[in-house]
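Read the single chain below, which is given as C-alpha cells and is the form predicted alone.
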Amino acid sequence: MQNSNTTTNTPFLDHVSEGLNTQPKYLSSRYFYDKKGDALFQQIMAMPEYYLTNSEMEIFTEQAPAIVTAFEMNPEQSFELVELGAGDGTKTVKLLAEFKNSDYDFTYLPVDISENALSNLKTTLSKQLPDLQISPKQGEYFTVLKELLTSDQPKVVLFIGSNLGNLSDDLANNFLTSLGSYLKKGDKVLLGLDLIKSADIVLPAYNDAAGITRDFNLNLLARINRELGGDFRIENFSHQPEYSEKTGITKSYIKSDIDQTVTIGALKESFHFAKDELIHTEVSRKYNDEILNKVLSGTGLSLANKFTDQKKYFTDFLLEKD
C-alpha cells in the first residue's frame, strides 16, 4: 500500500530510480540503515553465526594496549581520532578507553550515514566515557573526508568492521588513495578486514537460521514503501546470498519470487520484476595479504602491523602514511 507521505527529492529517491532502471537491477547497501535497519543490524552483530563482530571484538578486547602503542602517538600532543562508519561504537570504546586511561589528548570524530546511529553512539559514550571529546559527523565518508581531514593535527583513522569489503578492489584502491591524500606522513589508519575462509563459516553470517539478515535486506524494500510511496509486497521477495571461496567475494541479492510489477509513488513510475530476477544489494570482499597489498598499491599507505584473532578469521591492519 502506498504511503501518501512520500519524499520527493532525495539522494535515496535518485538512487532507487537509477538502480531499478538499470539492467541488472541494483540497490546500494548504504540505504539499509534507517532506524529499523539500524536495529536489525544490531541483532545481526549479536547472532551466533555473525563471526565478524566477535572476532574483531576479541582483537580489541585482548590487544587494545598493543594497538594503542603501535599507533605511536605522542601523549603530549593532541590528535584527532576519526572513525568512518562508526555504528554503535561497541568495539571502538575499547580503544577509546585505552587512549583515555593512558592520558592521551584527542578528539573523537565518528562519521556515519545514520543520524540515528550517531545519536545513540553519543548517548552511550557520554555514560561510558563522560570526559571524552566527541564531535559526530553525519554523512557518507566519501563526501565528508575532505572536511574532516583538513586540520594540522596528527590523525588516526579507524575504518574497522570490514567496511572496506563493501567496495570492489578498484573502488577500495581509489578510496584508500583518496584517504591517503588527506593524511600527513606518519598518520595512521586501522583497517579491519574479514579474511578468506570456507563457505560453511562465511555463508551463515549472511543467511542466518533466524532470518535476521533476510529481514535486514528486505527492509530496503520496506523503506522504499515507507519513504517513497512504493507498493512492494515484501512476501513476494526473498534474500539470496552467494559466496565464492576462490574469489573471496560474498554477494547479496533480493530475488523476485514471482512475475510482478511494483509502482513507486514518488517516482510516478512502475518497475517489472520477472520471476527469479535479482536485485544486487551488497558485496562483501574477504581478504588475504596478497589481495590487500594489491589494493594498497599506489595509495601512499603501507602496512606497518597487524592484529588477528585466535581463529584467524579477522585482522585489523595498521597502515601508515608514507
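Not measured: the values here are computed from a predicted model. Residue numbers run from 1 along the displayed sequence.
The protein also exists as the form predicted in complex with a small molecule; that form is not presented, and the subsequent description refers to it.
- None of the heavy atoms of Val68 is located within 4.5 Å of the small molecule in the predicted bound form.
- Although the partner is absent here, Ile212 lies well away from the small molecule in the predicted bound form, with no heavy atom inside 4.5 Å.
- Contact check for Phe273: every heavy atom lies farther than 4.5 Å from the small molecule in the predicted bound form.
- In the predicted bound form, Tyr33 approaches the small molecule with a heavy atom inside 4.5 Å.
- None of 201 to 209, 148 to 156, 178 to 186, 78 to 86 except one has non-hydrogen atoms within 4.5 angstroms of the small molecule in the predicted bound form; the exception is 78 to 86.
- With the partner omitted from this view, the residue of Leu121, Ala172, Ile160, Met73 that lies near the small molecule in the predicted bound form is Ile160 [heavy atom within 4.5 Å].
- Contact with the small molecule in the predicted bound form, judged by any heavy atom within 4.5 Å, is made by just one of Ile113, Leu221, Ala97, Ile134: Ile113.
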